[in-house]
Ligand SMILES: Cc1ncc(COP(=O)(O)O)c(C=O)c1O
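Next up: a single chain in C-alpha cells, the form predicted alone.
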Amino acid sequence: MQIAERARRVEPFYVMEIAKAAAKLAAEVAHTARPMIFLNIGEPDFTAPERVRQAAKRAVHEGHTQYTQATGLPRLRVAISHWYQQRFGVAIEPSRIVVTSGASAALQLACLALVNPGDEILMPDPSYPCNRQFVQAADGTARLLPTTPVQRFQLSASQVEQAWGPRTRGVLLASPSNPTGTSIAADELAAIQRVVAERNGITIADEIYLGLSHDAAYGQTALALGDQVVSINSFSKYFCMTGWRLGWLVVPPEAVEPVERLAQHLFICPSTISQHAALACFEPESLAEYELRREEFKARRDYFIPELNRLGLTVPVTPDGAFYAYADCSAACERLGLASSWEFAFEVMRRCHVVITPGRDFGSDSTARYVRFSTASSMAHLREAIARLEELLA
C-alpha cells in the first residue's frame, strides 16, 4: 500500500517512547513501595465538576443526543461569549465562535481554512509538537525560530519581522505555552500583531491554558487586539474536561462561513452530550470551583519550581500559567554522566520511578538540555517526586 507523503513526513511523537517504557515499568512496580509517578502528562488530576457531570446525564436522559449545528449549540456559543466579557472584558460576537471537537479540531480547521500549500508559519522553538503537525497537514511549513529565557521562550516582534519572507503567511503562538508555561506580554503581543497585520498575514493564538493564568500582567486574550486574530481554546485544561473532546475557535467574521463548511464535512458537529454538559461550566457555582482549582495549580507551582531550582534542575523562567516546569537538566546530566535530557528522562524513570518529558519533542534548539515536568498531579505526588529526585542527585 502506498502511504501519502503528508503521513510520511509527520514526525514521531518521541514522548510516546517514554510512555511505552513507563507503562511497562509501572506494571512491574505497581505494588512496590515506589509506584510510578507520572509527571509527563498535561492532564489535570481534577475531573469535570459534579454540575457538569449531572448536565451530561440529563442530556442523555432527556434525549439531547442528536446532531447540533456544525458550529455548535447557539446557547453554548453565547455562554462562551459571556465568559470572555466577564473574565477578560472583551466583547466577542457569538457568531465568531465555532465549537469544535477539542482544540485539535479547532487547530485543524484554522490551518485548513487559512494556510495554503507552501505557506510558512512562524512558531517558537520550543513549542508543542502537535501544533506544527497541523500546519504540515495543511501542506504548509512550520518554521521554528529559536527563543531564549530572556524572551520567556516566546517570539518577539523584531524576530518575526526579521524572519518574515516571501512565503511567510503568519504566526502560530501559544500563550501560556506548552512546554514552558510562559505567556507573551501584552505589549509584545500587540507589536507582533502589528507586524503580521502590516504584511496581511494571520495570527493564530493557542490559548488553551489561558484560564490557568496566574499573573494579571500576562493573563490576557489575544482577542483584545481586534477581530483579525484567530484564537484556539479548549474545555480540557481550565474546565477539566479532557476526555470530553470539546473546544472552540474564534475567527474573523469573514472566516466563519469557510470554517463552518469545513466543519460540516470533516466533523458534522462536536459531541452533543459534551456540549450540553459544557453549558454547566459557566454556571456561577462551577466557575467558583474552577477558580479554587486554579489556585491549587498555582500552589503546586509555587512549591515545585523552587524545589527544582534547589536541586539544580533550574527553571530559567517561572511559568505564569498552565501547569508545566521547563527545567534545565544539563548540570544534572553532567553529574550523572549522561549526554542529554533524553537519557536523563530514562534515568529518572528507571531509578526514581518518576516519568517526565525530555525536550526533544518540543523543538531542536537547546532542547537536549531541557525536560518538562507536569505539575497537574497532586501535591503529594509532587512532594514524593522531589524526594526521589533529591536521592538521585545527592
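The first residue of the shown sequence is 1; numbering continues from there. No experiment lies behind these values; they were computed from the predicted model shown.
Another form, the form predicted together with this ligand, is not on view; read the next lines as being about it.
In summary, the region of this chain contacting this ligand in the predicted bound form, judged by heavy atoms within 4.5 Å and restricted to 283-291, 200-208, 70-78, 153-161, corresponds to 200-208. Using a 4.5 Å heavy atom cutoff, none of Phe304, Val317 and Thr375 lies near this ligand in the predicted bound form. Just one of His214, Arg245, Arg300, Arg96 comes within 4.5 Å of this ligand in the predicted bound form, counting any heavy atom, and that one is Arg245. A heavy atom within 4.5 Å of this ligand in the predicted bound form is found for one listed residue only; from Gln133, Ser271, Gln193, Ser104, this is Ser104.
Put simply, Thr221 is far from this ligand in the predicted bound form: not one heavy atom of it is within 4.5 Å.
Contact check for Tyr128: a non-hydrogen atom falls within 4.5 Å of this ligand in the predicted bound form. Taking non-hydrogen atoms only, Thr182 never approaches this ligand to within 4.5 angstroms in the predicted bound form. At the 4.5 Å threshold, heavy atoms of Ser236 reach this ligand in the predicted bound form.
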